[in-house]
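Below you'll find only one chain, the form predicted alone, shown as structure tokens.
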């Protein structure tokens, strides 16, 4: 005999079973998405860690957003994006090991490395294994023929340097420039490019031979001979985020009152903690966005990134683009999922709406003027001035 109580209990149990079945079906539907692995090989430890951390966090924040909203549809298949990371510790040998790891996992698209040596070192591995990689490194040989697998993920120093020097010459009356660089290939190369650009603009270079070791902690004896030349502008070529506030502090404490700039991106928090108000007026390349041009999608990205990691790095305004370019190019030509030659062909005519800028801005590959082929992502050149603990936009330009 079935009582009313047992009937009610059976009804509840049936309802619970049904709910569980629906939930299981929902989970199964979500799990049905295939996995698309995108790699990162770059520096996330040491003095230059901020560069790679910005990369990784940008990719992870964007991937989480994509996956949360259903994944990315490429051809007829929907994928969840999985970011596979490798810290190369700014060591070319480790960068090679990292790229080999990506190849072993069947990954065809990788963001990084963040420095010249690492980007050059991984080239043979990338070309041999059919990997397109997006370095944040400036040697033109990576992006000019016969090279074709590297895509510059930002604006190069030989593109931003002339823009900064021209602005400071016209707006601030700069006539003399001094350069200081770490004794490593990346910053030395950037210094040489900066010196050439300054001279081409008619500026007088009063010092360009002073270097320092990356583990320097007392910059007073290093910077003293440079300050004695009394330049209007002191350029910190290729300076790592951890070294920038130390050099700035030493220069200001020695009485230098001129302008200080760099063509590398910096971290406002590191500047604030390391140099405080002494860093006011410091000029650097910023992220590819400003409040005036940021779209609602960029604002949401910043909010999601901040919620995920508890802070935000302005450089991520640029670093968010690499993953976006990879996915949108794959969407434009699904054959490129396993064929990087198809990806390369698509780059020549690729165009898609830029979700991170207001108006009708588009994603496209550029670089013809600098490299003779489209091997650079089009991102705005934003130049910032540090003041009162944060970056303020100095000017915005474009690169062909």
Partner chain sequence: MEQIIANGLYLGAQYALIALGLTLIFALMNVLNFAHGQLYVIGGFVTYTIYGQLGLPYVVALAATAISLALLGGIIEKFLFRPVIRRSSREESTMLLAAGIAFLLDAIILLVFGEKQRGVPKILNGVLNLDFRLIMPYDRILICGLAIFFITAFILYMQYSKTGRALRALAQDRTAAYLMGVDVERYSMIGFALGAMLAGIVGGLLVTITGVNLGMGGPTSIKAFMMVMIGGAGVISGAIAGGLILGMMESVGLSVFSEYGDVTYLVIFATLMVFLAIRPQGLMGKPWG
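We call the rigid core whatever largest set of C-alpha positions still superposes within 1.5 Å between the two forms. As the structure is a prediction and not an experimental result, all values here were calculated from the model. Numbering follows the first chain given and starts at 1.
The same protein has a further form, the form predicted together with the partner chain, not shown here; the description that follows concerns it.
Using a 4.5 angstroms heavy atom cutoff to the partner chain in the model of the complex, none of 279, 375 and 386 count as contacting.
Interface membership of residue 77, defined by any non-hydrogen atom within 4.5 Å of the partner chain in the model of the complex, is ruled out. Among residues of the shown chain, residue 186 is not one whose heavy atoms approach the partner chain to within 4.5 Å in the model of the complex. Proximity of residue 46 to the partner chain in the model of the complex falls within the 4.5 Å heavy atom cutoff. Proximity of residue 249 to the partner chain in the model of the complex falls within the 4.5 Å heavy atom cutoff. Residue-level contacts in the model of the complex: of 269, 144, 306, 82, one residue has a heavy atom within 4.5 Å of the partner chain, and it is 269. Just one of 291, 202, 221, 106 comes within 4.5 Å of the partner chain in the model of the complex, counting any heavy atom, and that one is 221. Heavy atoms within 4.5 Å of the partner chain in the model of the complex map, among the stretches 98-106, 203-211, 147-155, 321-329, onto 203-211 alone. Annotation: Cα of residue 313 displaced by at least 2 Å between this form and the one not shown, core superposition.
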